[in-house]
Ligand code: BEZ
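The chain below stands alone and is given in structure tokens; this is the form predicted alone.
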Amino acid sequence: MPMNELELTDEVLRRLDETPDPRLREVMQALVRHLHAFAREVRLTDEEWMTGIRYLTATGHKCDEVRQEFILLSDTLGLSSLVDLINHASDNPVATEPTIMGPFYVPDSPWREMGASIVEFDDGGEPTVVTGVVRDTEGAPIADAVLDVWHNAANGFYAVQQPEEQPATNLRGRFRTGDDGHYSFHTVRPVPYPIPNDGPVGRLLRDTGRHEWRAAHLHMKVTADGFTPLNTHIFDRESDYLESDTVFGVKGSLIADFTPGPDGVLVCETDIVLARSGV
């Protein structure tokens, strides 16, 4: 009797039964089951299969030491946000929600004094103070918490995207809270920006009737001894694209107000709440 579609899937799964690493076996067999089910559901044609192969090849060719097109693809398909929820969402509703790190994080940002400015490249951005308290879920301040912050300039680009124009550490910095858990730094208001759209991911967005824009936000990576590390954003309530952020990163609890202070400088006040490790 000729082999049918389901028998083929079963045979592939059987050959993976002897995979020594149990986690690799679990992942690969699940991948095969879902991949084969997808092909059967859409009745994948030869031409569509080859188009997919060419697309993935082009995605790889677009990657370099600065740009990771596969991460962009994962982001725009919502996979990055799903993996983030699976691994980092807290069961405690009080804890600050996580979101994706994004492709522009650079480790070892400079240490800066509390209240200092992270602006090293003036391109006309609106002066802004970002401030708040890092707390635990019971409301107590967390001393010695580290906030690693970064965001884009008023021209829409991160420093890593413009190495010949922006200083490498522009709009980046690390801060350590004192006994009161307070944090504060001077910066400029973040702006919406498009993800790189000149490659396969941009083409896919256009082909599916979507845009490439991210809502205005700044990034925070917050860590403290005894607490679960947090990657999160602060989104500007007045930004465009909050309802259609192309990488599905916006969460309602992360939207904040940027309001003029007495001196006219914008102030964004946002507390960060960390969950204890293992809780």
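Everything numeric here is computed off the predicted structure, so don't read it as measured data. Numbering starts at 1 and follows the sequence shown.
A second form of this protein, the form predicted together with the ligand, is not displayed here; the remarks below concern that form.
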query = Which single stretch, out of 113-121, 188-196, 86-94, 166-174, brings residue heavy atoms within 4.5 Å of the ligand in the predicted complex?
reply = 188-196
query = At 4.5 angstroms, heavy atoms only, are 104, 219 and 247 all close to the ligand in the predicted complex?
reply = yes
query = Since exactly one of 149, 159, 100, 145 fits, which has a heavy atom within 4.5 Å of the ligand in the predicted complex?
reply = 100
query = Within 4.5 Å of the ligand in the predicted complex, heavy atoms considered, which of 72, 130, 134, 153?
reply = 72
